[in-house]
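Presented as C-alpha cells, the chain that follows is alone, the form predicted alone.
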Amino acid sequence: MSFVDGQVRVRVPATSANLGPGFDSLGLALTLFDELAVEVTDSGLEIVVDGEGAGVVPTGEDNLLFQAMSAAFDLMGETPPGLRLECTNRIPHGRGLGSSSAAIVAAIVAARALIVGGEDRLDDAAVYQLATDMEGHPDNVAPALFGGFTIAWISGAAAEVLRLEVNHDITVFVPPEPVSTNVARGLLPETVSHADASANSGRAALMVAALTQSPENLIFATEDRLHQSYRSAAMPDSYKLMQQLRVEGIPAVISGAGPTVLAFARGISDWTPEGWAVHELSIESRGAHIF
C-alpha cells in the first residue's frame, strides 16, 4: 500500500496579491486560515464543507480541492480507491483573499502527504509549478505555499519565486458581496501608457523596499495606475473606501482582484462600512503545512 494510514491535516493561509503596483507578481500570506483534513477510504468520494462556501461549493468531482488532489496523484503515479475531505473554511470566497489558490495549494500538499515518500516524488518546486499551472497566475499561489512576502514570476513556462520575511500589521475590510476575478480582470484595458507602466514599475520596486526596510514609504509604494481604477466600476464602495483611507495617510490597496480593501495599519476598524466584515491580521511566515 502506497498510502499512509489515517488522516492528513493541512493548514493554508489567506493571501493578498498585487498590493497596489505589483500586478500579478507581489503577494503576502495573511493570518487567516483554511484547514483541510483528508483520508484515503476504501471507495467513493465524500466532501464535507464547513464555514465559507458551505452549501455553495460543489461536493463532487467538480470540487476544486478534488481536482487539485487528482492532478497531484496523477503526477505521483497513484490513484487512491476513495477519499474523504473535511474542509474548514475561513477565507472568504470571491473577495480577493486567495481562496482558490489556498484550496489548490492545500489539496496538493495534502495529496503529497497521503503518499508514502510523497515529498521525494513531488518537491516544493513541483508543488508550486502544478499549483501555478492550475491557478493560471503565481502571485497568490506563492505566498499560500511559502508564506511571507513573495515576488513571483514566470520564466518561460517555469514558475519562479523569491520569498522575503517581513512583519507588518494588516487590516482587511471585506464587503458582503463577491466580485468574480474574471469580471474584474475583464475590465482591464488591453494596453496601458508608457507613463503608467513606468510609474508602476517604480512603485513596485519601492514596495519591496518599503515592506522590508522603510515602511514610512508604504503610502507612496502602494500607488497604482494599472488595475485598481479600471476595476472601480465593479466595486465602487471598495474603491471609495480605499481612497478615503489613503487621503488620511493610511496605505491601502484593493486586495487581489477585489473587492476586499487591505490597509497596512491596525486600529482603524471605525472605517468599516455597515455590513462589511473587518479582520486585524499579521503577515503569516508559514505557508501551507501539515499540522
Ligand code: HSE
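So that there is no doubt, residue numbering starts at 1 and follows the sequence shown. Being a predicted model, the structure only gives us computed values, none of them experimental.
There is another form of this protein, the form predicted together with ligand HSE, and it is not shown here; the text below is about that form.
Taking the partner from elsewhere, no residue among 15, 95 and 99 has a non-hydrogen atom within 4.5 angstroms of ligand HSE in the model of the complex. Contact between residue 90 and ligand HSE in the model of the complex is not found at the 4.5 Å heavy atom cutoff. Contact annotation for residue 36: none of its heavy atoms lies within 4.5 Å of ligand HSE in the model of the complex. Ligand HSE is not shown here, and in the model of the complex it never comes within 4.5 Å of any heavy atom of residue 276. Ligand HSE in the model of the complex comes within 4.5 Å of no heavy atom belonging to residue 271.
Residues of just one listed stretch (139-147, 195-203, 155-163, 103-111) have heavy atoms within 4.5 Å of ligand HSE in the model of the complex: 139-147.
Though ligand HSE is absent from this view, in the model of the complex it lies within 4.5 Å of a heavy atom of just one residue from 68, 257, 30, 253, which is 257.
Looking at 264-291, no residue comes within 4.5 Å of ligand HSE in the model of the complex, counting any heavy atom.
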